[in-house]
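What follows is a single chain, given as structure tokens, in the form predicted alone.
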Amino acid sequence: MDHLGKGVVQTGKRDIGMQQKSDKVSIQFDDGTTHETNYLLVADGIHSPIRKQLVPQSKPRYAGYTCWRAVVDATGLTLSEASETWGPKGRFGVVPLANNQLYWFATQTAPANDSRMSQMTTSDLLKQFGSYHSPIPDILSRTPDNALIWSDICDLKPLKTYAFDNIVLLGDAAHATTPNMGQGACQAIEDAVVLADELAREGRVSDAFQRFEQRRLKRTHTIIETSRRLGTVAQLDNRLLATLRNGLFRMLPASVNERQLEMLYQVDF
């Protein structure tokens, strides 16, 4: 931001579409304004209107489970590390934050856009997860209803293309993933690093977009599909299958998990 002049960055703009005009792109916003540019980086999320124009068949796909989240006061709770609990009624995750705060999330298998799920209160969630181990019931008891954030979990089926001549898709607009591997925002940051690297080279910007695509497709596709499979396994609510899953996980050598982490973190950009 320090490198940009005052007024260059404009906030409060929501794009609703674009038009390609020879070597220009005209972006339309919901406030009735337009902006013309030579090159367009599309980073407007999983529901990107511009991606829907470029790839009409690409729509968010439901993962099969819904999610509640909140940040609460964790005073008195002696939690020092993140954890995720898998059980027959769903998953419950806990992430300690600074300043005596705690982020939690809970997932449950449900139909998409279920009105009953959207209206769940903390009391309803206590009925669902109240039998889970301590401090999960306590954490829910600390959560006011107005702190709850609810949404279905979705991702994007891997796209074959991120670069469209003078337009390139980035972040969730290109490769939205379920949160099971904690890689949504991480992959957007990687996009920025790789794109900056390619733009620093000589040549046409559209060629940099193509090189960016070549470097990012395989990695982002792998993360999307691995995260989706992990969520499917984690959400098992059949007790027999869940018992078999738990037994298998206990038998897996640590090296299996380590290999997955190496794929995520031991990468040269």
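We call the rigid core the largest set of C-alpha positions that still match within 1.5 Å between the two forms. Numbers follow the displayed sequence, beginning with 1. It should be emphasised that the depicted structure is a prediction, and the values quoted were computed from it without experimental measurement.
Below: the form predicted together with a small molecule, not depicted.
When contacts are judged by a 4.5 Å heavy atom cut-off, G203 does not count as touching the small molecule in the predicted bound form.
At least one heavy atom of A43 is located within 4.5 Å of the small molecule in the predicted bound form.
C67 belongs to the set of residues with a heavy atom inside 4.5 Å of the small molecule in the predicted bound form. At least one heavy atom of I153 is located within 4.5 Å of the small molecule in the predicted bound form.
Partner contacts here mean any heavy atom within 4.5 Å of the small molecule in the predicted bound form, and among 184-192, 136-144, 111-119, 80-88 they occur only in 184-192. Out of the listed residues G93, P96, P158, P179, P179 is the one that sits within 4.5 Å of the small molecule in the predicted bound form by at least one heavy atom. The Cα shift for N246 between this form and the one not shown, taken after rigid core superposition, is smaller than 2 angstroms.
Positional change of Q260 between this form and the one not shown stays under 2 Å at the C-alpha, relative to the superposed core.
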